[in-house]
Ligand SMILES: Nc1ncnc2c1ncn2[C@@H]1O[C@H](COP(=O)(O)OP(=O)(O)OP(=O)(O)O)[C@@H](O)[C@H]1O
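For reference, the chain that follows is the form predicted on its own, supplied as structure tokens.
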Amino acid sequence: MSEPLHRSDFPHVVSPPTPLEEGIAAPPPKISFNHVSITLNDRPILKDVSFQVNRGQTLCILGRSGVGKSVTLRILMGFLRPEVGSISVDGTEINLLNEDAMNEMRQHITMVFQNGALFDSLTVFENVAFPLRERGSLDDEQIAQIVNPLLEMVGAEDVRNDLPASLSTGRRRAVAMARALASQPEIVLYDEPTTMVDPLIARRLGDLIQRLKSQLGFTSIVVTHDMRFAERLADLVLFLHEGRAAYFGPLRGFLDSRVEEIRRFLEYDAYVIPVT
């Protein structure tokens, strides 16, 4: 059985809000997209997309390839700037931040890239330790006390001295998740975490995302094609179709939707190729 996660291991994570007293204003959404549009290489990618995610919620972004799912994450990280619309994190408009301020924001919001984005010349241990060494305030023993439990958490403790090139896709993705958590974020963005991984690793990654939410109150956005994975994780669903938000709301409403594009997506996902 997995050991419970402790909030003291993630000091930057703020506890989910308690029920508000009558007359006290609700806090702003943790993440807010408002009427965002972006064009890349003369092709409109997102068209007037809006959504909000509150602290401790998990949003799954669904849709076919090329509809802007991963672009949405890159906008949140400040890697891309939209032509129209506003994006805020904890009420701070990130479009207005300079690069230094955006780097400060990235200490609280991190991304697990689809390819892992690990450093090929560093061992698994050193990859996970990298954000801690960049901070410069911890000695080797303190770093090891953080990194080793993270590697155990994602099931990569047996490859701590290996180089990323020797690992499977699923193992690299698990190590990338451990490295993201080492930076002690409040928000974690996942870009196709289960693509090209075996079902056992996919289940382990899904279980970890759930634990981070339930035990630590992490806020997450998960880009995925895997509807079964989304059903396990999602509080909210954003379904993108031709660059627009064809649906944003609770998971149940998405599954029950009669919108043609959504029904087609769900039916295609449920189709199993017969074994001959």
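Residue numbers here begin at 1 and follow the sequence given. The structure presented is a predicted model; accordingly, all values stated were derived computationally and were not measured.
Keep in mind the form predicted in complex with the ligand is missing from the figure; the text below concerns it.
Chemist: Quick one: of A202, V154, V71, V147, which gets a non-hydrogen atom within 4.5 angstroms of the ligand in the model of the complex?
Modeler: Flagged contact: V71.
Chemist: Could you work out which of A234, V67, V49, L212 is the residue within 4.5 angstroms of the ligand in the model of the complex, going by heavy atoms?
Modeler: Residue within 4.5 Å of the partner: V67.
Chemist: If we define contact as a non-hydrogen atom of the residue within 4.5 angstroms of the partner, is H241 a contact of the ligand in the model of the complex?
Modeler: No.
Chemist: Does the 4.5 Å heavy atom contact test between E186 and the ligand in the model of the complex come out positive?
Modeler: Flag for E186 set to no.
Chemist: I'd like to know if L208 sits close to the ligand in the model of the complex, meaning any non-hydrogen atom pair within 4.5 angstroms.
Modeler: Close contact is absent here: in the model of the complex, L208 is far from the ligand, nothing within 4.5 Å, heavy atoms only.
Chemist: Look up in the model of the complex whether I45 has a non-hydrogen atom within 4.5 angstroms of the ligand, and give yes or no.
Modeler: I45 belongs to the contact set for the ligand.
Chemist: Within 4.5 Å, heavy atoms only, one stretch in 28 to 36, 212 to 220, 247 to 255, 57 to 65 touches the ligand in the model of the complex. Which?
Modeler: Contact-bearing stretch, as computed: 57 to 65.
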